[in-house]
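Just the one chain here, the form predicted on its own, laid out as structure tokens.
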Amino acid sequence: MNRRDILLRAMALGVSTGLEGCNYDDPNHPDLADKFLHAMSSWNDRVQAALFSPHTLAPTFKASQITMPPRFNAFYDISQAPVVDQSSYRLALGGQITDKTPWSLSQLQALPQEGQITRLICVEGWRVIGQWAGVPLGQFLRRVGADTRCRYVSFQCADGYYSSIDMESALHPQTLLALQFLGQPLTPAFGAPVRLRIPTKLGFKNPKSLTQLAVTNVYPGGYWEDQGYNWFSGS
């Protein structure tokens, strides 16, 4: 095991050992276990952030290694994936951004694009390899005058999902506003017309069908993060 694996296993052991002393039915301490888990989750976030390097790239793969057929994942059935009108689509901008003019899909498509073949890892344990292309988020943020000294970049989605990432991860060279998947424009099931692709984080940190992007110093939370998932969820 490398140093990171050892650290993560030690963290997991610390959680399980601590919980043995928690009494969920103790009327005098009804929230003890919950408080302990939140404290451990917050500590995990700080450790992961400390381990993160903006110069370390996620692994890339060959075209022959792409997972086929691609796997759909969301908090709803594939038949419920939102269909966004691409002709009227606008990506709204908010927070600490100088130019908040919304962006159409054609404007995003006209920007310089980069591609990658990277792995998406789900918190449930499965993983897939896909081919993505789009606008590097860091370049886009600088183009619209985002204050990159802020701590967070948040996202709202057409399906009601929402999430947020740290600024360092937003500026990572592999973080994309993805417009294509497997060499074709995104389909509704895979986040059309624009989604976040961030291979340095777990799958639930890759929100689909983006409708708004904002830069802020106020913690924005996220759909799963507000239900107890680790917020940083990356490496």
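Nothing here was measured: the structure is a model prediction, and the numbers come from that model. A residue's number is simply how far along the shown sequence it sits, counting from 1.
Missing here is the form predicted together with a small molecule; even so, the following discussion is about that form.
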Are any of the heavy atoms in residue 206 no more than 4.5 Å from a heavy atom of the small molecule in the predicted complex? yes
Residue 139 within 4.5 Å of the small molecule in the predicted complex, heavy atoms: no
Just checking whether residue 103 would be counted as a contact of the small molecule in the predicted complex - the rule being heavy atoms within 4.5 angstroms. no
Contact test in the predicted complex: residue 107 vs the small molecule, heavy atoms, 4.5 Å: no
Using heavy atoms and a 4.5 Å cut-off, decide whether 126, 161 and 189 all contact the small molecule in the predicted complex. yes
In terms of non-hydrogen atoms within 4.5 angstroms, which of the given stretches 91 to 99, 72 to 80, 144 to 152, 109 to 117 touches the small molecule in the predicted complex? 72 to 80
